[in-house]
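Next comes just one chain, in C-alpha cells: the form predicted alone.
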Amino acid sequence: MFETIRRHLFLYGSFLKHNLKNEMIYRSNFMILVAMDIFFMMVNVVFFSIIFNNVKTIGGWNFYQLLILMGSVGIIRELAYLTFRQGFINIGDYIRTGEFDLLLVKPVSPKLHLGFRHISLTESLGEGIMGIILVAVGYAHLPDKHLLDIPLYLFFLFNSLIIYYSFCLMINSSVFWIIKSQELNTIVYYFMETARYPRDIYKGIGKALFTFIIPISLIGTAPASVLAGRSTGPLLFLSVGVALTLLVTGSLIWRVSIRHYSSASS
C-alpha cells in the first residue's frame, strides 16, 4: 500500500514539474490568466458588497461569512485543477483520437494518469490565491474562533473536493457514449459557479435536488460553515455521507463506461 502511494506521489510530482515548465514557457500568458482569475474574483466580491449595502444577510450569512464561502469555492477549484479537472476536460479528445487505448495499458489507474498528466497551475491559480485571501479576511473579521476550526475546515475542504471529483467523474463518464464533452464541462463549470451561494437559500424540493442529485449546496457551504461558526452536526455528517455515496457511485459508473469502451481499433 505504502509503495503504491509513493509511486503515485512520484508520478504526480513528475507531471507537476513537466506541466509547470510548459506553462512557464509563455510567462506573459501565465501572468495574464492569473490576473484575470483575480479580477473576476474581485468582481464577485464587489457584486456581493453592493448587495450587502441593501441587506444584512443572505440566507442568514453576513458579508464576511460569505467571503469565506466564496474563498472556499475558489480553493476547491484550484485543488481540482491541481489533480483531476483538466484531465477530465480532455477525455473526449483521448477517446476520439484513440489515445485512451494507451492509458488502459499503463501500470496505473487511467483516472489517475489522465488527471496527473494534465495538472494545470494556469487554470484557477489566481482564483485559488484570492480564495485563500478571502477566507483569511472573512475569518479574521468573525468574533468567535475555536482551536479546531482550521483543521476541521481543511478536512471538509478535502471532503468537498471528493464531492466535486465524484460529480465530474459521473458526468464525464458519459463521454464514452457521446464522445464530445464540451457541453458536459459547461455543466460542471456552472455547477461550481452556483456553489458560491449558501445552502440556506434553497428550500423544499430545490434543497433536496441540490443536495443529493446535484450537490452544489454542500461544496462550499460545508467547509465554510465550519469557519463561519454556522456548522451543525447534521450538515457535516450529511456532507461526508454524500461524498462517500457519490464516490462509490461515480466509480461504478466509470467501470461500466470503461467496459462500454471498444477502443479506436475495433
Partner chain sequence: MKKYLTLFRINWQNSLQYRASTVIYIFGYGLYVSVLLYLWLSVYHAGNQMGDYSVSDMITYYALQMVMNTLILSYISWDLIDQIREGFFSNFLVKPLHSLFYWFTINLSSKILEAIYISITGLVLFFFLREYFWFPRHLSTWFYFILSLFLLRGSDPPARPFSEMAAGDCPLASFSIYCFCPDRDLS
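Positions refer to the first chain, counted from 1. Please read all numbers here as calculations on a predicted model, not as lab measurements. Superpose the two forms; the largest set of C-alphas matching within 1.5 Å is the rigid core.
Note that the form predicted together with the partner chain isn't included here; everything after this is about it.
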Practice task
Given that the partner is absent here, state which listed stretch (82-90, 154-162, 67-75, 129-137) has heavy atoms within 4.5 Å of the partner chain in the predicted bound form.
Solution key: 82-90
Handout entry: Distance check, residue 62 to the partner chain in the predicted bound form, heavy atom within 4.5 Å
Key = no
Handout entry: Touches the partner chain in the predicted bound form: residue 238 (any heavy atom, 4.5 Å)
Key = no
Exercise for the section: Although the partner chain is absent from this view, report whether residue 202 comes within 4.5 Å of it in the predicted bound form, heavy atoms only. Expected result: yes
Handout entry: Contact label in the predicted bound form: residue 45 to the partner chain, heavy atom within 4.5 Å
Key = no
Fill in the blank from the handout: Looking in the predicted bound form, the residues of 33-55 with a heavy atom no more than 4.5 Å from the partner chain, listed in order, are 33, 36, 37, 40, 47, 50, 51, 54, 55
Handout entry: Threshold 2 Å Cα movement between this form and the one not shown for residue 26, core superposed
Key = yes
